[in-house]
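Only one chain comes next, encoded as structure tokens, the form predicted on its own.
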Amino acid sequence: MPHPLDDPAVLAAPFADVLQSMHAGQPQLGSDGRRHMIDDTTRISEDEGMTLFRLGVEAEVAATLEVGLAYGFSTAYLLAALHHNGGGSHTAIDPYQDTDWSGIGLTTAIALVTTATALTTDSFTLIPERSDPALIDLARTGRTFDLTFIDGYHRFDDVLVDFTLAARMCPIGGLIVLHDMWLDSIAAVASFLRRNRADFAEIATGCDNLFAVRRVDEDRRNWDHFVAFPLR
């Protein structure tokens, strides 16, 4: 039986209308004040988005983080979860928001936090840098995030670095989610984590293209720990 939180009808205004327009492929407002066509390959699906929303609601998240803002699809779902939970803050990392995405993700996020009753203008922050230095800087400030969504560069080493750095800011009970499990690079990261990060436990998402883990312990590995892992 489908989970009630997987039904897009549970999304509150203004998220439902914005996401309906985005998933329909309608031109979206950019930072230059004009509407731009969006690439239909650069997005999460509605099912994936509702899974993110459900995970955020069930975990009662108050602080979320994502690597890769792009057009703002995942941002909208994560902000919707924060709104459902009564408020919070979302941080997105994307060095190419203006050059590659016409500022659409940023413009969408600002519009949502200024109109959603449970959010404020402080509920969204964009860090326009590469993810590796941005994550290090966030960790240095002592930040923690209840849910981190990693959907930036999809090379094996980049994703593993993003996870490793994000894990340092994931509290016990917090979640980290990877997108695009159809790619060998992402599947390989998931395989490595299953066998080498006992401080994280995989959780079922009901969505084949998402891999999610929950922090269950401190990292207690020896300095030379390594367990061989298959590609998938």
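These figures come from a predicted structure and were not determined experimentally. Heads up: residue numbers just count along the shown sequence, starting at 1.
The same protein also has a form predicted in complex with a small molecule, omitted here; what follows describes it.
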property: Candidate stretches 126 to 134, 112 to 120, 140 to 148, 81 to 89 - the one whose heavy atoms come within 4.5 Å of the small molecule in the predicted complex; result: 126 to 134
property: 43, 74 and 93 each touching the small molecule in the predicted complex (heavy atom, 4.5 Å); result: yes
property: Residue 174 within 4.5 Å of the small molecule in the predicted complex, heavy atoms; result: no
property: Residue 68: touches the small molecule in the predicted complex, heavy atom cutoff 4.5 angstroms; result: yes
property: Contact of residue 153 with the small molecule in the predicted complex (heavy atom, 4.5 Å); result: yes
